[in-house]
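Only one chain comes next, encoded as structure tokens, the form predicted alone.
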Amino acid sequence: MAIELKKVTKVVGIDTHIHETSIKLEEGHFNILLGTTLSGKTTLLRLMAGLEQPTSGEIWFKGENVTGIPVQKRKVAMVYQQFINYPNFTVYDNIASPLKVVRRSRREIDKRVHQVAELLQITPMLKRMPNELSGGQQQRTALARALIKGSDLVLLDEPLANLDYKLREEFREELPKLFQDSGATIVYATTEPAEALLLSGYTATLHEGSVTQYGPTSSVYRTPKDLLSARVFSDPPINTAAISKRGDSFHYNETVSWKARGRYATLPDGPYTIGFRPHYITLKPNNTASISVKGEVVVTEISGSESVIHMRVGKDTWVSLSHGIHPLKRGDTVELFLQADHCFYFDENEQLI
């Protein structure tokens, strides 16, 4: 039941919404489209659903070319972040609507509605109208309608974005369980790297209408193929710095240097770029390979038991994520420790070395 895009593009007027894309998503798994707003996630979902047609290229599903086949003739379900439910239907009738369209028996409809309602814990709400539900209950209703349809392809467009924090956390844990026995291919769009990691499965990173990388979520996170993919998969933003290699050492700003270890020891001398996530530059050293760097505090954000410190280091602006509450003031000079073992090294073309 895999869905595959073959050299697909989408051009609207003079704007290219999707650059040429070829990708085959993993069937029976969560496939996550990760990218910022306007990166192309929703357009890709609409192309997969048949709500829009590609300007060029083909879309294949279950071994068949479905390009040009309208959504009404595809076994696909799509859930949006806006809680789209029929306002004049009860929760029961909202959930049952896909089965009524295909004229299933009343007995089968009733059985399946109660099964999926029990699964999503909305059985007590079946007689209510959508405007009598909380946001979380409305989204559960929309998900129930997608589940009951028994679709081979389920498309989820930031379905948790409008829920409060607690509900989002609950749904993130529940969603993979809800679909694990369905056999369906799930495509889930999100702007949040943390959400992609929690849902696991496979992730495609997107930037300005291009898929920059696709693979198992943990692999894409730990081994981004290039700096662009690393940036997409980092929140707070990944820090970068221009460095040079001379002999057996790397040098930054002519004031900081460290030994080139392992496979990096054999790199030719010259310019490189390092990238490192904020939790690998902290107020306390974490290992023997920690590099001491001094910076000037721009702003500090304290959240719960963590401190996010924005600082200037030379000509660069970096972000540090440290455990504990550290009420540093603007203009303070701080010493931070960068874990060299957790740096990504990129060549002049910003490809991972």
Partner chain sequence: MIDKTTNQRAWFLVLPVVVLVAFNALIPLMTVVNYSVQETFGNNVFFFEGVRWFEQILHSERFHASLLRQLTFTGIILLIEVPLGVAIALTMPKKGPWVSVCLVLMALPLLIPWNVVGAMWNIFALPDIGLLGQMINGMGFDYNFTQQPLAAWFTTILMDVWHWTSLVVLLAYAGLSSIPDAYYQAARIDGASAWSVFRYIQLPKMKRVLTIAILLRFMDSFMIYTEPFVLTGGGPGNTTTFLSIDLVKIALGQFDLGPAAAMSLIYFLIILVLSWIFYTLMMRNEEQ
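Numbering follows the first chain given and starts at 1. It should be emphasised that the depicted structure is a prediction, and the values quoted were computed from it without experimental measurement.
Absent from the display: the form predicted in complex with the partner chain. The rest refers to it.
> If we define contact as a non-hydrogen atom of the residue within 4.5 angstroms of the partner, is residue 240 a contact of the partner chain in the predicted complex?
No, residue 240 stays farther than 4.5 Å from the partner chain in the predicted complex.
> Residue-level question: is residue 82 within 4.5 Å of the partner chain in the predicted complex, judged on heavy atoms?
Answer yes; at least one heavy atom of residue 82 falls within 4.5 Å of the partner chain in the predicted complex.
> Answer yes if any heavy atom of residue 289 is within 4.5 Å of a heavy atom of the partner chain in the predicted complex; otherwise answer no.
Contact with the partner chain, no.
> Is residue 170 one of the residues lying within 4.5 Å of the partner chain in the predicted complex, judged by heavy atom distances?
Residue 170: no, not in contact with the partner chain in the predicted complex.
> Has each of 76, 88 and 145 got a heavy atom lying within 4.5 angstroms of the partner chain in the predicted complex?
Yes, all three are in contact.
> Among 42 to 50, 313 to 321, 289 to 297, 22 to 30, which stretch has residues with heavy atoms no more than 4.5 Å from the partner chain in the predicted complex?
Looking at the partner contacts, the answer comes out as 42 to 50.
> If you check 256, 129, 178, 109 against the partner chain in the predicted complex, which one has a heavy atom within 4.5 Å?
After the contact test, the surviving option is 129.
> Quick one: from 210, 123, 97, 182, grab the residue that has a heavy atom within 4.5 Å of the partner chain in the predicted complex.
Contact check passes for 97.
> Using a 4.5 Å cut-off on any heavy atom, which residues of 149 to 165 would contact the partner chain in the predicted complex?
Result: 149 alone.
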